[in-house]
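Next up: a single chain in structure tokens, the form predicted alone.
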Amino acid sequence: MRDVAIIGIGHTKFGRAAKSSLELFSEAALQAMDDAGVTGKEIEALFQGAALPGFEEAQVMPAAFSAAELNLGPIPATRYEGACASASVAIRDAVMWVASGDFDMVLAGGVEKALSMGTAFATRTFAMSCHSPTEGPVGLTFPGVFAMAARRYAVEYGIPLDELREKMAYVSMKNHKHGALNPLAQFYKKMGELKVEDVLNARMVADPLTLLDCCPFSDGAAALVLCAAEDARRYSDAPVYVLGTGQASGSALSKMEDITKPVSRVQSARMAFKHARLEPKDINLLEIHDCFTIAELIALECMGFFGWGEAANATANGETDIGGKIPTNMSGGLIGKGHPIGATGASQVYWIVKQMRGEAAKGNQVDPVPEYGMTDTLGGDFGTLCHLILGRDRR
């Protein structure tokens, strides 16, 4: 297997979009192709994440039509569905196809128009990623899943729930602060100076999670151009290399031993570290799946950046903010940047690449420029996990 590089990136504004999904993905894809300096004739395959296009726009099979919109010709174009991890799974498969030598240059990314469904219908369709036979009949939705996780976390580590809520608020404050500095974020120039009380006193969604503990519904798209590493310097002075990937699958919640230690996330992260021949101490920057504040704490521990039960205190102490031990979600994450689910994994990669080019927004750019970055994307209630490790140099 050969090494693979990212040579072009594109990203639409996240939030409410007037454009269709096909138009949004085309916008991101054309940006990525322009960034790489390549034409459609050089793209050999398209890998597209899109979780719910049938419900959003009555459009299934969007990848094929995206290829047509982009005048890519009759190339293989495949839609990937892994709920909120759809784009990360698409990118991982794109990496493997290029690594295998079957393709030399491909386009990968994702798109979603969740806001077009409205909150009630979007909540219902998102919940379809839960285990339908056992979780559907009791009306479980994702705020409910992570509310249960927060309560279990408090009990497991002996943290009074009110104290845990205050520590979780620091996740929201940090990610909104950096989202407010990100021009492409849904909450750009908004809520950049939240206080603990603002988060705690926001409207309750699922006790103990308030509205500011939750990411928003969003529209948006992001795309990447990938090629064989040995060719990357022909197109870019600053290619970013895919050093490791991991993916794992979970089960129904009723079969999980501990919702705060999902085996799927642990397994996927370990696979990526093994593939990259790196450890958590080597990573300089994270973009992780903070769909809810408690989700960021759980991810940090499952990936090995903090011991079990330690991420809450570490976050409250600033260890995950810029200048801390491991800067996390300097783009604003899902909470501050937005969460168009089929695009989120590609967006995470986009912002790692921007950091490695030294092009992140003022106040969000990590100094010195990171050598290694890692993404974490979660689909469903721990049903699909995917991790990608990126580096400025080849292994």
Partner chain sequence: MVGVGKTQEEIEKELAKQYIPLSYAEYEEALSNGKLMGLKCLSCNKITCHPMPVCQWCSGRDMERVELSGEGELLTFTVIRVAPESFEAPYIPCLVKTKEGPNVIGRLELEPEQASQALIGKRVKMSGTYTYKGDKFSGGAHVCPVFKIVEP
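Predicted, not measured: the structure shown is a model, and the values here were computed from it. Residue numbers count along the first chain shown, from 1.
The form predicted together with the partner chain exists for this protein as well; it is not shown, and the discussion that follows is about that form.
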Though only this chain appears here, would E135 touch the partner chain in the predicted bound form if you measure heavy atom gaps against 4.5 Å?
yes
When the contact criterion is heavy atoms within 4.5 Å, does F65 count as touching the partner chain in the predicted bound form?
no
Is G139 near the partner chain? Define near as a heavy atom within 4.5 Å, in the predicted bound form.
yes
Does any part of R124 reach within 4.5 Å of the partner chain in the predicted bound form? Heavy atoms only, please.
yes
Consider the chain as shown here, without its partner, and state which of K261, K177, R151, K167 has a heavy atom within 4.5 Å of the partner chain in the predicted bound form.
R151
Only one of A228, M204, V196, A238 gets a heavy atom within 4.5 Å of the partner chain in the predicted bound form. Which one?
M204
Counting any heavy atom within 4.5 Å as contact, can you tell me which stretch out of 310-318, 287-295, 116-124, 229-237 lines the partner chain in the predicted bound form?
116-124
Stretch 53-75: residues contacting the partner chain in the predicted bound form, 4.5 Å heavy atom cut-off
F55
